[in-house]
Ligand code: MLT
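The chain that follows stands alone, in the form predicted on its own, written as structure tokens.
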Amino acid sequence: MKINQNYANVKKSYLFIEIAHRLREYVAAHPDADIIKMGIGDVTLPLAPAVVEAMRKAADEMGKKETFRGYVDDNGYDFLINAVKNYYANFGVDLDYWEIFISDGAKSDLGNILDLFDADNTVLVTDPVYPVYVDTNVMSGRRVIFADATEENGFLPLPDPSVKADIIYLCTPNNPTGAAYTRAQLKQWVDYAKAQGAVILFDSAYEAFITDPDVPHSAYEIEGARDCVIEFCSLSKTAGFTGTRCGYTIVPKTLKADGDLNGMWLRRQTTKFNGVAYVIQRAAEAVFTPEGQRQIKENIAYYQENAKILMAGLDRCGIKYFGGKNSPYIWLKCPDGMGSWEFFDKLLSEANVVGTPGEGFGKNGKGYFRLTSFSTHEKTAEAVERIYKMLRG
């Protein structure tokens, strides 16, 4: 028996596990501390009433012989696939029914999709980046290269034609920086991928937060994207499904690459995945109803107001920041030249506020810090006051 030695090349502690470890140690030593958590991007508002009602109704159905459901259909139930299809039509994107695959979230699929690709592929990711993109490829033994996302390029690197890549990860609006590609910028990536014979793995987990009309909600709004893009989306941030788990992946039939990726993904899923529970899929369907859309947009507006509170507070503190406009994340420059973990410890110990060190997202995250807007108005305002007092004395 031999183990996968590639795991030795992965950091021993996942970023958010390290944050949780440091927090536990601090709370153990200071049990009365009133901690405000703005680190892990978990939502705080409850599920929309329309979602809860759909879930309750579906649970009742599962308790009756006439409406009980067993194993899930291969790529999801008709009602949810069609709901996603109709949602994309709002962006002028016409999807085929068999291009939509229902899953338990984007994180799972972003890792599992790698089953379709040989280990002898070069992977290009932007830095800073969501750690899962890098870690899952390192676990598989692929070569990973980076496109530098820096303050100078607005944290939106554009492709370099001289760089060879086979698999490209893009997240827009971005986690952690909050930066979002315009249509013209994303078109450059699509053209680059087609010229390289590469595939783009496009994470649109935060598309519901987009407010800029020049920022596309889907990569398929860009001409040529259907030939080179696999798109992933989760309802975690869109509709508060972090604890409910549902998302979808779109694999166009026109995306052939070195084989039929749509057919390969269907084969992979029917072999290794048993689908998302009927109750959850009914809840997800409700997200896309007119009433569900109205309710979740109210929740998103609540988080967007938190982002405004954070930005106003950082302006008051004289701290430079990015993001917030099309994203639930604020990406700030650590004050006084502090390192990101140094600022984390200071913020925790002196203000009892938890954020995410930018260094955990890559080398270009050094000296930066991520705060999330997924809290209450009251706690967000309180966190801002604590940060101000910490910095101003």
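Each residue number is its position in the shown sequence, starting from 1. Please read these numbers as outputs of a predicted model, since none were measured by experiment.
A second form of this protein, the form predicted in complex with D-malate, is not displayed here; the remarks below concern that form.
The stretch from 333-341, 37-45, 63-71, 24-32 that comes within 4.5 Å of D-malate in the predicted complex, counting heavy atoms only, is 37-45. The closest heavy atom approach of residue 175 to D-malate in the predicted complex falls within 4.5 Å. In the predicted complex, D-malate lies farther than 4.5 Å from every heavy atom of residue 368. In the predicted complex, at least one heavy atom of residue 206 sits within 4.5 Å of D-malate.
Residue 278 falls outside the set of residues with a heavy atom inside 4.5 Å of D-malate in the predicted complex. By the 4.5 Å heavy atom rule, the three marked residues 98, 226 and 267 all fail to count as contacting D-malate in the predicted complex. Contact with D-malate in the predicted complex, judged by any heavy atom within 4.5 Å, is made by just one of 107, 143, 253, 194: 107.
In summary, among the residues 117, 189, 241, 130, the only one with a non-hydrogen atom within 4.5 Å of D-malate in the predicted complex is 130. Contacts with D-malate in the predicted complex, taken as any heavy atom within 4.5 Å, map within 305-338 to 329 alone.
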